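Consider the single chain below, provided in structure tokens and representing the form predicted alone.
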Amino acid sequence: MDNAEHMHLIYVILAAAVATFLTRIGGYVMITQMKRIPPRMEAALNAVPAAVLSTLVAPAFLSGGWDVAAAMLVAMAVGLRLSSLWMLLVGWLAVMAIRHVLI
């Protein structure tokens, strides 16, 4: 890479950092200026954790192999009945058991 390419990369990284900062601070400023959060906005904000979780889990589920997919399904079944700690523990145990016993 020559110097021009390095500078271009630095500018792209800085622009991405500024855009990220402005979108995050913009949402905070917008919410603090409201006296009451509208119901539709509250519903959208309540959906954010599920959206973030699905963007983290879906790629691993689809491309992680059958052992990872099976462990995630087991963890999901446990997560419907027990706490998150149990879900993580059982999911981890499931993937380790599959990898060491069946593969």
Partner chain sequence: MTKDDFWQGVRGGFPVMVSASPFGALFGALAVDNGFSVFDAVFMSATVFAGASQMVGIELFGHNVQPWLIVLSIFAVNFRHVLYSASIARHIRHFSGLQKFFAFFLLVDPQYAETEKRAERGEPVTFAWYLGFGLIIYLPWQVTTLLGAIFGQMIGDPKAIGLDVLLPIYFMGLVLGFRKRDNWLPVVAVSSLASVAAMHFVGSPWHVSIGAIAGILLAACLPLSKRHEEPVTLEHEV
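The term rigid core refers to the most C-alpha atoms you can superpose between the two forms while keeping them within 1.5 Å. Positions refer to the first chain, counted from 1. Since we're looking at a predicted model, the values are computed, not measured.
Not pictured, yet referred to below: the form predicted together with its partner chain.
Shown here without its partner chain, the chain has Pro39, Arg40, Glu42, Ala43, Ala44, Leu45, Asn46, Ala47, Val48, Pro49, Ala50, Ala51, Val52, Leu53, Ser54, Thr55, Leu56, Val57, Ala58, Pro59, Ala60, Leu62 in 39-63 lying with a heavy atom within 4.5 Å of that partner in the model of the complex. Relative to the superposed core, Leu62 shifts its CA atom by less than 2 Å between this form and the one not shown.
Once you line up the core between this form and the one not shown, the Cα of Arg24 ends up 2 Å or more from where it was. When two forms of a protein are overlaid on their rigid core, residues whose CA moves 2 Å or more are considered shifted, and Leu85 is not one of them between this form and the one not shown.
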